[in-house]
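First, one chain by itself: the form predicted on its own, in structure tokens.
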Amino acid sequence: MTQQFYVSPEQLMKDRADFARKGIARGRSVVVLTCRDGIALVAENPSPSLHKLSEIYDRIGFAAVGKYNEFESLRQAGIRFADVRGYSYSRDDVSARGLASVYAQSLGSVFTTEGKPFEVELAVAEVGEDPYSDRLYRLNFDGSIADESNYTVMGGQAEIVNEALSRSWNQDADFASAVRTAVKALSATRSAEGSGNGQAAEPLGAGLLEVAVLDRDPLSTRGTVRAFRRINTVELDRLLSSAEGD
């Protein structure tokens, strides 16, 4: 006779959460932070094609960590939602808050009803006319939403990155300074890994990073209403090198 074991719903949810957390912890970190010029999105990501950062709509950006195929499906669904809502109503009706709510419903449904939860964390950012009107939401694997202020960190070793940012974040920084601040904070995880052998870790270089910005006033700076812009490797390398020469 086969012995059967009862697993309570509470234990099942705990096991699912532990599974998702372990998957997310294996991912490299992502930082999203506000500054004077807009919002900077910075990810440790050596892949030139498997993006963690993306545009969703005119003034809305997306960042993710975890399993690529899972957050990529969510990214595409978010773009479709934003396009349909903007076409059916008004472009002004597309907001980071609305998009975050849709993502929360999807993640929560998968967490409670599917065979396994998504191993992802998401950030949805909307740049405002000034830093005080910026919107930044972080979504966990179970659909929970956090309304963040100033910056958010996702992925492996987020505590180390958060600690570094708490000492260096500056709302009055321009994009260049904000990106360098984020890169320095992400590099702190490498310093922690190298502390065991007594060697100081090299800071992350442009080839190991993916960087984008949401421009606060793209119409005057670039002649477009679309705030999202990727920073290519050459521009990023020049930006990081200029800091070393200061």
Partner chain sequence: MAPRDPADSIHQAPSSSFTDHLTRHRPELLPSSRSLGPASNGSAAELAPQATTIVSLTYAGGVLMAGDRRATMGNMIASRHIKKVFPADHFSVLGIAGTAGLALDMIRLFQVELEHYEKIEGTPMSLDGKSNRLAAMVRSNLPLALQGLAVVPLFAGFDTQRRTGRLFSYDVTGGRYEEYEHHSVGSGSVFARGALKKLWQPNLDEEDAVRVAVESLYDAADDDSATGGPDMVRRLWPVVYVVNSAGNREIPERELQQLSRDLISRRTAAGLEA
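Positions refer to the first chain, counted from 1. From a predicted model like this one, the values you see are computed outputs, not experimental measurements.
A second form of this protein, the form predicted in complex with the partner chain, is not displayed here; the remarks below concern that form.
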55, 76 and 79 each touching the partner chain in the model of the complex (heavy atom, 4.5 Å): yes
Taking any heavy atom pair closer than or equal to 4.5 Å as contact, tell me whether residue 132 reaches the partner chain in the model of the complex. no
Tell me, yes or no, whether residue 113 is in contact with the partner chain in the model of the complex, where a contact means a heavy atom of each within 4.5 Å. no
Under a 4.5 Å heavy atom criterion, is residue 226 part of the interface with the partner chain in the model of the complex? yes
Just checking whether residue 91 would be counted as a contact of the partner chain in the model of the complex - the rule being heavy atoms within 4.5 angstroms. yes
Just one stretch in 22-30, 36-44, 55-63, 207-215 has heavy atoms within 4.5 Å of the partner chain in the model of the complex, so which one is it? 55-63
Which of these residues, 83, 163, 147, 174, gets a heavy atom within 4.5 Å of the partner chain in the model of the complex? 83
